[in-house]
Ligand SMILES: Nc1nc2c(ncn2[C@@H]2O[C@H](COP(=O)(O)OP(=O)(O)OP(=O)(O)O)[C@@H](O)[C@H]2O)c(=O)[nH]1
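First comes one chain, alone, set out as structure tokens in the form predicted on its own.
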């Protein structure tokens, strides 16, 4: 499947809800209300849904226009809203070396698997990535990262079980510098945003990284689960205020009917969308593209 086909397939559950509402209907006040309801249903947010539906209502369409014309107009509006937050994470030089990436997020959001997908992309770009297993309190997390490192064929650094995560990160970065790893990707324990002690530990990891490189981490990426819809807002707010975020990667869009949450996230927090996960294979991590997303979301 091509990338557009994969994105359309991933967003099918969401687009079906919108398409069933819009396609083939006349453009009138009833349709405006139905568009608003459909956008709320897919977690685009009440405010955003109302504004988008109102724009459709105010647009001067030809007399013979139908819901298909409304869909095309709606997709263009959504694209314009999202374009400022479109950030192709992989389209950069990744300097200085080593380029240090701190990956954070709540357990179950797909963090470790996303790290593997990132490492696979870097390797294909000719980089020599080092994975760091800093979730030292969950043996399963370390083993999962070891599995992916071996499968992809990249380096990994693991500390002892229950070792201080910040200490593991310090040793890993020193090793990466000595071994010539040009990208270092750090996996951290899944943080519930209401656990202040664990968030403090993340702050400690950032302080330790800065001791080795004052400009690092060069990217702090929050992994969000697309299935949770509006629930992602509280995670973004906490991590943004406490740790700082450069951008987000949204996973599991292929299993979600709430893909409209990307719109409300960007509008509320102005957060960059680095990439989206649209499947389970190692290749299914794609740069976020506002045009492709908008069309797939509306079912075009």
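Residue numbers count along the first chain shown, from 1. In this text, all values refer to a predicted model and were calculated from it rather than measured experimentally.
What comes next is about the form predicted together with the ligand, which is not displayed.
Shown here without its partner, the chain carries 106, 117 and 279, all of which come within 4.5 Å of the ligand in the predicted bound form through at least one heavy atom. Contact between residue 98 and the ligand in the predicted bound form is not found at the 4.5 Å heavy atom cutoff. Mapping the unseen interface onto this chain, residue 261 falls outside it, with no heavy atom inside 4.5 Å of the ligand in the predicted bound form. Looking at residue 228, you'd find every heavy atom of it more than 4.5 angstroms from the ligand in the predicted bound form.
In the predicted bound form, no heavy atom of residue 136 sits within 4.5 Å of the ligand. Contact with the ligand in the predicted bound form, defined as a heavy atom within 4.5 Å, holds for exactly one of 219, 128, 171, 144, namely 144. In plain terms, the part of the chain that comes close to the ligand in the predicted bound form, with a heavy atom within 4.5 Å, is 246-254 out of 246-254, 29-37, 44-52, 267-275.
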